[in-house]
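For reference, the chain that follows is the form predicted on its own, supplied as structure tokens.
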Amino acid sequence: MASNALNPFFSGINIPDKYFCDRVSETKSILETLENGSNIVMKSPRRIGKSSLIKHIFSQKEVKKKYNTFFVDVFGTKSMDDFTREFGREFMRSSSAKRLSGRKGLLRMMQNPYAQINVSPDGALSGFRVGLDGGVSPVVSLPKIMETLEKSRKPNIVAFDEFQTIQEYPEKAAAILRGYIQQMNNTRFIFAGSSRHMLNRMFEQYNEPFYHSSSSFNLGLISVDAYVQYCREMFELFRKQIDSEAVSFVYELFSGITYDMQKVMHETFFLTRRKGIATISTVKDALAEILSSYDQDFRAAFDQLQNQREKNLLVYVALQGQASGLTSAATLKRFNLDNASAVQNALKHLCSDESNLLVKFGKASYKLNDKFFELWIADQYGILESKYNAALSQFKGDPE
């Protein structure tokens, strides 16, 4: 066997290089841009691999040798204090920070630090830990982080994931950060995010602090041919095989969304015996296992909807795959959706952060945020096989 890994299909963001899928040209382009002295704003839909791509770039030997790297996930932060705390946490725990400052330097950077030395019964040093009084997470000020980065011998690359989140802070975060970043010559920044329109506003509108401050990079889907080749190679690493049609079926069913496809391939790989061949039938078995594992969660999410109108809307969109014209008279009558105003209110709630069940795209089109939830609803209403047949028709080029 070529590897100690039990399954080569990872759905997290830390993926070993030997199991990473494609993105060769993207990696090369991003590194060339950074080495040319430009910051990057990376835009991509969610779940197609921008975070794992950044981690992949950081793991390259030439990058680790030449740069200190920091990956800061700001999704879920609510203020500049949260942002600074998350940045500081990544800074303090990274191997790059230890090289930059050493233990004494790290202690000097922290507010109210403490040091804890652990000694084993035989008198040997068994551990060293630094933090704040009371044992809470270390806090480092933003100016101190930036100052340390600027003084480092090696240049730095800092990636802020879901960077558009700062637009929701009560402070004028973009202006504050721009004030620091524009003075830095020793650090390149990657501003990554999944909200294209918010990032466009931040970096392309004249009156915004980050206007034209970074090179734009749009991360697209991995091509179906590249994904088919990747899956076949991963199966062959473990003396298994998978039909190209089975991979193409998954690609069409999930519209090329890497995270979802990897989850299906992980289960498909598990169900395929050594020296066996995975087929479309194997993929369907894998999907059945996944939907079964989500059954209780999806039932709870559906039951928690505020009223029957929202349930009807969700079902309608799920069965359609993507739906528009939801306030038309014909749709209102057919699916018992009351009046247009009530439907608009229901849609607003289903798309809200609180619910996060639907996502709006275009002017007035909607789809479920979770493809597995869509398939689960289709299964409940007896049309799951129709969904599968539609995906098969797509990659085979057959008329639906």
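From a predicted model like this one, the values you see are computed outputs, not experimental measurements. Numbering starts at 1 and follows the sequence shown.
The form predicted together with a small molecule is left out here; the points below concern that form.
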query: Heavy atoms within 4.5 Å of the small molecule in the predicted bound form: which of the stretches 346-354, 359-367, 58-66, 43-51 has them?
result: 43-51
task: Decide if the three candidate residues Cys21, Glu162 and Tyr230 all line the small molecule in the predicted bound form, where lining means a heavy atom within 4.5 Å.
output: yes
- prompt: Heavy atom to heavy atom, is Tyr259 within 4.5 Å of the small molecule in the predicted bound form?
  reply: yes
query: So in the predicted bound form, does Phe10 come within 4.5 Å of the small molecule, heavy atom to heavy atom?
result: yes
message: Residue-level contact is defined here as any heavy atom of the residue lying within 4.5 Å of the small molecule in the predicted bound form; does Ile15 satisfy this criterion?
response: yes
message: Quick check on Ile222: any heavy atom within 4.5 Å of the small molecule in the predicted bound form?
response: yes
- line: Interface check vs the small molecule in the predicted bound form: of Ser214, Thr77, Ser248, Ser194, the one with a heavy atom inside 4.5 Å is Ser194
